[in-house]
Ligand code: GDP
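One chain comes next, on its own, written out as structure tokens in the form predicted on its own.
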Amino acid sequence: MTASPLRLKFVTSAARISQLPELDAEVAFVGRSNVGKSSLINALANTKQLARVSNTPGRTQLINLFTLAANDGAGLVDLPGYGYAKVPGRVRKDWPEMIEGYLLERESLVQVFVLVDGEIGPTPLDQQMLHWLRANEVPHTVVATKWDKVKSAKRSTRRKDLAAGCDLETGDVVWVSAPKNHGIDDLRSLVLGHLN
């Protein structure tokens, strides 16, 4: 069954949660710079224009909030990517506090989708993020991006290795490809399930 594209509308960009409007429920997307976060959000909404996609890692520098057009009380948040990013040091040094503050203090946050590059597997930064989320009991789901970049002959092994690297069972990881639309319906259904 095909899930309808998420009809999202951009609300605001903020440096701290006090600048965000109150919502009933929201999910957040977090991942390493260059993992394909903006492309994935655009695929969920079936548009190329919603989240800003760039060839330069680290273009998302603030907490970007979108709401569902059909339900203003439900939102999706695009968090700045962690890791390599060509941004000013003063901006980058605020990221841990901004991201951790959001993940720990945002009362309406119901689920974090942690994006991991399916082609290379979890990096130490990804593993650190997963460990931190577990230690702080933040509910989360691992989403492996770039399924289309994994060679067909290696997909079975890659699925097992990536899950193991995240300390998960193979079936616990959601695999997607934004350009090929692989797994996008499943992820849309998951997002809506958490927001409704």
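Just so it is clear, the structure is predicted and the values come from calculations on it, not from any experiment. Each residue number is its position in the shown sequence, starting from 1.
Same protein, other form: the form predicted together with the ligand, not shown, and the subject of what follows.
In the predicted bound form, no heavy atom of residue 160 sits within 4.5 Å of the ligand. Of the heavy atoms in residue 148, some are within 4.5 Å of the ligand in the predicted bound form. Among heavy atoms of residue 64, none comes within 4.5 Å of the ligand in the predicted bound form. Contact annotation: residue 21 falls outside 4.5 Å of the ligand in the predicted bound form, judged by heavy atom distances. Site annotation in the predicted bound form: the residue of 35, 44, 28, 129 reaching within 4.5 Å of the ligand with a heavy atom is 35. Partner contact region in the predicted bound form: 36-44, out of 36-44, 64-72, 152-160, 135-143, criterion any non-hydrogen atom within 4.5 Å of the ligand.
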